[in-house]
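As structure tokens, one chain now follows by itself in the form predicted on its own.
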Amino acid sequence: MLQYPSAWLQNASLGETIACELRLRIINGTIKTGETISENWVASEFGTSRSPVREALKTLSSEGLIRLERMGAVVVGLDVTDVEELYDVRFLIESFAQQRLAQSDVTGLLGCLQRIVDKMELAMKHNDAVEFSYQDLSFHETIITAANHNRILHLWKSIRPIVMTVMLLTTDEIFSKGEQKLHSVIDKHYTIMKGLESRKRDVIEQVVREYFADSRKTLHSSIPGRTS
């Protein structure tokens, strides 16, 4: 069973760690929609007191993955509409951020993005889906941060935990399809870099649109029991 990567949990509180693991189990379908999970069960599962469990459940509730009720937390999960809407928000954030960067000198940013893509290629060679996924997320987050827009960054951070989990699952799916598919993913990141280098808003918008249209296809085969 896929577990949440321990390397991604550095400096995380116990409550955050529990939330990350439960989030993964909910999104990959290990914990089913409609199930009720109690504080006692979670505390027992993770060998902890109920205080960090409450923190974790509060977090998942704020993300819309569970609904807190008197007898426990009812799993709401993610359906196809939820996941598509998540990617709609990602598209809006990244389209705005990248077009905003058309007004800037992106030489330093492109150097940073190249180093991240180099790490993605290294992860591909070592068949390390977790590292590949993390660097993929870092690539997009670096662009969003470079746009230097506080409200856009705040919006990104509000969806980041679910995005990280979905990317972990989609990357696992991509790795199962072999090296050719992985090369195509890396090529898409180079296309984003070329769009940024052009500093033309219309070119950037088209690149981002095509990137997310293709990402949706992978998405639909990566979330067990959620998409068709």
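Throughout, we count residues from 1 along the sequence that is shown. Here the structure is a predicted model, which is why all the values come from computation and not from measurement. Basically, rigid core = biggest C-alpha set you can superpose within 1.5 Å across the two forms.
Heads up, the form predicted in complex with a further copy of the same chain isn't pictured, but that's what we're talking about next.
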### Query
Does the 4.5 Å heavy atom contact test between H149 and a further copy of the same chain in the predicted bound form come out positive?
yes
### Query
Does T59 make contact with a further copy of the same chain in the predicted bound form, using a 4.5 Å heavy atom cut-off?
yes
### Message
Within 4.5 Å, heavy atoms only: does E35 come near a further copy of the same chain in the predicted bound form?
### Response
no
### Query
With the partner left out of view, is L196 within 4.5 angstroms of a further copy of the same chain in the predicted bound form by any non-hydrogen atom?
no
### a further copy of the same chain in the predicted bound form reached by all of E131, L182 and D187, non-hydrogen atom within 4.5 Å
no
### Message
Looking at 138 to 146, 88 to 96, 101 to 109, 122 to 130, which stretch has residues with any non-hydrogen atom within 4.5 Å of a further copy of the same chain in the predicted bound form?
### Response
88 to 96
### Message
Quick check on this chain: which one of E173, E63, E39, E45 has a heavy atom within 4.5 Å of a further copy of the same chain in the predicted bound form?
### Response
E63
### Message
Which residue, L169, I162, I192, I31, is the contact with a further copy of the same chain in the predicted bound form, using a 4.5 Å heavy atom cutoff?
### Response
I162
### Query
Out of 168 to 196, which residues reach within 4.5 Å of a further copy of the same chain in the predicted bound form, heavy atoms considered?
none
### Message
How about E39 - superposed on the rigid core, does its CA move between the shown form and the other one by 2 Å or more?
### Response
yes
